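For reference, the chain that follows is the form predicted on its own, supplied as structure tokens.
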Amino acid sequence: MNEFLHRGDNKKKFVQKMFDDISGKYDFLNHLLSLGIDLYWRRMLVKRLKLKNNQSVLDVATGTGDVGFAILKHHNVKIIGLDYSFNMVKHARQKSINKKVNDKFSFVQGDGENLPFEDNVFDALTISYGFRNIGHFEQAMSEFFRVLKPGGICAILEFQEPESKIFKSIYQFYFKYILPRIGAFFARSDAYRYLPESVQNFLNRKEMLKLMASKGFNNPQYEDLTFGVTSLFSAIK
């Protein structure tokens, strides 16, 4: 039986408040709880984009901006980071100033299901471990398609359950029993109980590909990373 909601507007309100509350510890806990592997996952995402100089990128659920900062290490592009959490945007904006990239990386508080942008404006759209937290998956995917230019790429990093039975048992033990205890020590305890439950209630690989195709994307595909702990989904408009 679920402890949390995993669809709808009430889920969105909970997620917004949760990320507002943990924003100050978010970067530290990301690196700690992933054992630093999150850096590799983001590098793989950036590689998949195949960006060219002066292109435009929308990073949805940007958090504190780590995907955008990883992109700017390799590409001279313009990035807008959008997040539903007010405090995440605040921290991300300050990080961009500290890193002296605020001329290339701007931020807006907004809803991934109702993007405040015109049609056909971005060359790439990324979302890293945030799609799972959206209240209405189909609406968000339609919005992603709308704001991308024809030929633009949508790339989504998201947790999945490993297909290997052995590794899946290790993964589930860590996610259910170890991760929530560590997370509770530093931040809201329910935030790190929500995480494993949200993965269990999320779309599987085939459902993600089907959703992308149903909204008009071409050649939806995925690549499993780190034994399938996380998957990189991508498709072209």
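Just count from 1 along the sequence shown to find any residue number. None of the values given here were measured: they were computed from a predicted structure.
Not on display, but discussed next: the form predicted together with a small molecule.
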Legend entry - Single option in 172, 30, 56, 198 placed near the small molecule in the predicted bound form, where near means a heavy atom within 4.5 Å: 30
Legend entry - Candidate from 134, 141, 80, 148 lying within 4.5 Å of the small molecule in the predicted bound form - any heavy atom: 134
Inset, instruction - May I ask you to check whether residue 110 falls inside a 4.5 Å heavy atom distance of the small molecule in the predicted bound form? - result: yes
Legend entry - Touches the small molecule in the predicted bound form: residue 129 (any heavy atom, 4.5 Å): yes
Legend entry - Contact test in the predicted bound form: residue 61 vs the small molecule, heavy atoms, 4.5 Å: yes
Inset, instruction - Answer with yes or no whether residue 229 is in contact with the small molecule in the predicted bound form, where contact means some heavy atom within 4.5 Å. - result: no
Inset, instruction - Choose one stretch from 148-156, 84-92, 117-125, 163-171: the one whose residues place a heavy atom within 4.5 angstroms of the small molecule in the predicted bound form. - result: 84-92
